[in-house]
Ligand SMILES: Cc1cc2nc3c(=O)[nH]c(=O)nc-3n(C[C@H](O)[C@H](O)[C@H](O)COP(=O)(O)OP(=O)(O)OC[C@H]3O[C@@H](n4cnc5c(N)ncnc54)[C@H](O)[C@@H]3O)c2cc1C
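In the form predicted alone, a lone chain appears below as structure tokens.
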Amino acid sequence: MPAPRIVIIGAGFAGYNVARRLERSLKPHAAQIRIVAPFGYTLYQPLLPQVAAGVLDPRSIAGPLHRLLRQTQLIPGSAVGVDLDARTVEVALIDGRTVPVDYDRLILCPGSVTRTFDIPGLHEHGHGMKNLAEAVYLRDHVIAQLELASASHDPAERAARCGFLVVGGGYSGVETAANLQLLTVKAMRRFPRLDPALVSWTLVDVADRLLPELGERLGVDTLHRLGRRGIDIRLGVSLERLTADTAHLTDGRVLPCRTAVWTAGVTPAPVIATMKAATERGRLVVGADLRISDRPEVFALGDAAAVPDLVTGGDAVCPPTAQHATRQAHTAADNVISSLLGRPTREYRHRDLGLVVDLGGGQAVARPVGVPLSGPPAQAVTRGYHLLTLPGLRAKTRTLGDWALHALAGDDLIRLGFLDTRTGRLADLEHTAGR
């Protein structure tokens, strides 16, 4: 009998950990494992704000798949369609060709892209914080604004270039605003012609609380800490429209702004919409064993799947977090093997280990196993958690070294420049244009 063909779509927290567990659980050559991903690495997304702020080198949070996975074949491309009846995935390779990939077991974990709304100017002038290209581009962009403001003699242009807006009060938005605000504050010593008072950071969110998942106490603590650092936080407010040099908010305020970062939620990758399968708010509906109904050979997990949260009774679905994706990967891999061997599958259940939010500069808030922490103790827990969950020893070592080097030597404020030919638009950097 030929070895069963297992195809994994996506190499994020879910996809990478599925492949890793399959390799460890299956005997060599017991199955043909393929993973479809546009890049040859798995990305540790929680530390993207630190890449944007120059605290970490981009390679430190990118685990090379060729090194980490020894028995899995990488198909360099993106899944653009799935034919469930023919058991075929249509893959757009990085060289522009489109090829079919057949499977006996399919594991769908393509992740998500930034969710946007029909806000005038957002697609043209907004920036995201979802992948490595966006983080590196944003760093180049922020430094460039300070350089151009310093070289300008126009007060209006200076104000716009020194005005920064982050939309979204979740983890990504809070960490992006916190880390990049520190970057601009420390950069002022390199720009003596600029008045530090010109630099303004605004964080807005339509919710009435910041980081509601952390609880009211830590949300208020975060609000006060960022406020003391000069970040203007406006709750119950969102972006109304965006121009090249202004941001119009729903409370009527108009901000001079050349940098607007959109972090207000995510939506499943476009390939999910091509499938003839039930969805819930764009996410594939699966059972507690991560299988799609009536398709026992297809599994889905991570941001693209509506997985029942059995801990809360099963009426709600698990939120799209890295913690859930990693744990679901273990269940999915085990269930794939069980399905090949004719054994019963098991249901996904989790125990919440807590949440961590890095605010930069030695500050953080965290709730490990339900215990609220802030300040240096929270920072120690936060960085310890990241070191434990980074993929591979090399990534852990590089990250630890980058933290030490940045603490001792600071930032060189170097723009890498290799993205100068890109537009910086969300659709460009997240490869969703035309889908």
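Keep in mind that what you see is a predicted model, and the values were worked out from it rather than measured. Each residue number is its position in the shown sequence, starting from 1.
Same protein, other form: the form predicted in complex with this ligand, not shown, and the subject of what follows.
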Identify whether this ligand in the model of the complex is within 4.5 Å of every residue in the set A178, T222 and G410, based on non-hydrogen atoms.
no
Please pick, from A278, A316, A207, A322, the one residue with any non-hydrogen atom lying within 4.5 angstroms of this ligand in the model of the complex.
A322
Though this ligand is not shown, can you say which of V142, L211, A300, A269 has a heavy atom within 4.5 Å of it in the model of the complex?
A269
The stretch from 365-373, 44-52, 392-400, 66-74 that lies within 4.5 Å of this ligand in the model of the complex, judged by heavy atoms, is 44-52
Considering only heavy atoms, tell me if F191 and this ligand come within 4.5 Å of each other in the model of the complex.
no
Going by a heavy atom distance of 4.5 Å, is G169 a contact of this ligand in the model of the complex?
no
Can you tell me if L146 lies within 4.5 angstroms of this ligand in the model of the complex, counting non-hydrogen atoms only?
no
Since only the chain is shown here, I'm wondering whether G384 would be in contact with this ligand in the model of the complex (any heavy atom pair within 4.5 Å).
no
Even though the chain is shown alone, can you say which residues of 6-22 have a heavy atom within 4.5 Å of this ligand in the model of the complex?
I9, G10, A11, G12, F13, A14, G15
